[in-house]
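Consider the single chain below, provided in structure tokens and representing the form predicted on its own.
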Amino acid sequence: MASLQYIFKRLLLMIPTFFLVMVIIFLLVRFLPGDPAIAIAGDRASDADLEAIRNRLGLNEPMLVQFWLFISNTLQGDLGRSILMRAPVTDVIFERFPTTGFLTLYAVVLSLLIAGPLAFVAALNRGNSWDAAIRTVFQVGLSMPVFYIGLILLTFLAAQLRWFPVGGYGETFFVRLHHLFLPAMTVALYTSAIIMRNLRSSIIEVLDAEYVQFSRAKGLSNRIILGRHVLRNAMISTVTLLGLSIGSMMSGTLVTETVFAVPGMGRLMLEAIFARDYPLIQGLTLTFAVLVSVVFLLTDLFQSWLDPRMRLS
């Protein structure tokens, strides 16, 4: 019952968050420079044509009326019709979401595969050459912008060595793994550096705890100590950081998908901003906000499983 109450409390906290996000989305989109009517009809359109487009989009209505229409339509699942794609925004988002979702999940898996083992190696060999080498390499990766890492991988591994395609998404599962390896690795190299440093510090802190020393005094093997005691407790803070990183990955796909020409929601967001496509920008931003909130909810639930004391907070 405590778990259900914890989930219900977290779901209630998401309601004001969504409302605040919708207010911010509505205001920011309205303050974008340019006229969407001109973007649709072109610079040579007559004043009558532009006025007709503004009336059709509701842009001549008072701001409060526009906001009420935005709220009511969104709650009914109607995000409007895209000016750029000339299709319902919901359909456009559902078409592009699998690409961004696959890329984000791919990057998360690579980040964990890179950061997890190396964090253990660095923590168990703290202070020696292995620890220094691992921390130095990750520090270099952490100091470079994501788009710069992507350009380096794209130049050497795709353009020169031709090991990977320079862009695209693919059609089958394994082809997509091949096509999206470079953009996923670009995000993973940066994210894994953050996760590794946090997990290493957590492992060292747990290794110095009294109950770990007591477990060693009882004669338990290192495998049991690391698996049952160290890993679970060290992951608590790392799970929080991983949830924040996943949220950053989703919102940061704009840069990665643009560099690697991946047809996902991030690249679509950039195209919608240049086209001043109000409905599509609103729909994409709201979708990212919902996805990030769901990730944070899952993070809280996983943390409460690792540490039941968190259900009381």
Partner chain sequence: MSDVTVSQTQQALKKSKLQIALRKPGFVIGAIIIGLSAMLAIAPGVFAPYDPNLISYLEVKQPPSWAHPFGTDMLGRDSLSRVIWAYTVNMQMAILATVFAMSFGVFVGALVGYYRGIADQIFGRLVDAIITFPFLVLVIAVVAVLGPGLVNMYIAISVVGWVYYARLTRAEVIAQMGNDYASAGVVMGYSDRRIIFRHLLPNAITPVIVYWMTDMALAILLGSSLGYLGLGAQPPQAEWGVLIAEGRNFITTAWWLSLMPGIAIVITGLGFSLIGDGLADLLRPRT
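Fair warning: this is a prediction, and the values are worked out from it, not measured in the lab. Residue numbers count along the first chain shown, from 1.
Here the subject shifts to the form predicted in complex with the partner chain, a form of this protein not shown in this document.
Note that among 76-84, 97-105, 124-132, 155-163, the stretch whose heavy atoms approach the partner chain to within 4.5 Å in the model of the complex is 155-163. Contact annotation: residue 275 falls outside 4.5 Å of the partner chain in the model of the complex, judged by heavy atom distances. In the model of the complex, the partner chain lies within 4.5 Å of some heavy atom of residue 288. Remark: residue 296 counts among the residues lining the partner chain in the model of the complex, judged by a heavy atom distance of 4.5 Å or less. Taking non-hydrogen atoms only, residue 270 approaches the partner chain to within 4.5 angstroms in the model of the complex. If you check the partner chain in the model of the complex, you find a heavy atom from every one of 24, 247 and 254 within 4.5 Å. The contact residue chosen from 109, 71, 236, 140 relative to the partner chain in the model of the complex is 140, the criterion being a non-hydrogen atom within 4.5 angstroms. Of the residues 28, 45, 59, 52, just one reaches the partner chain in the model of the complex with a heavy atom at 4.5 Å or closer; this is 28.
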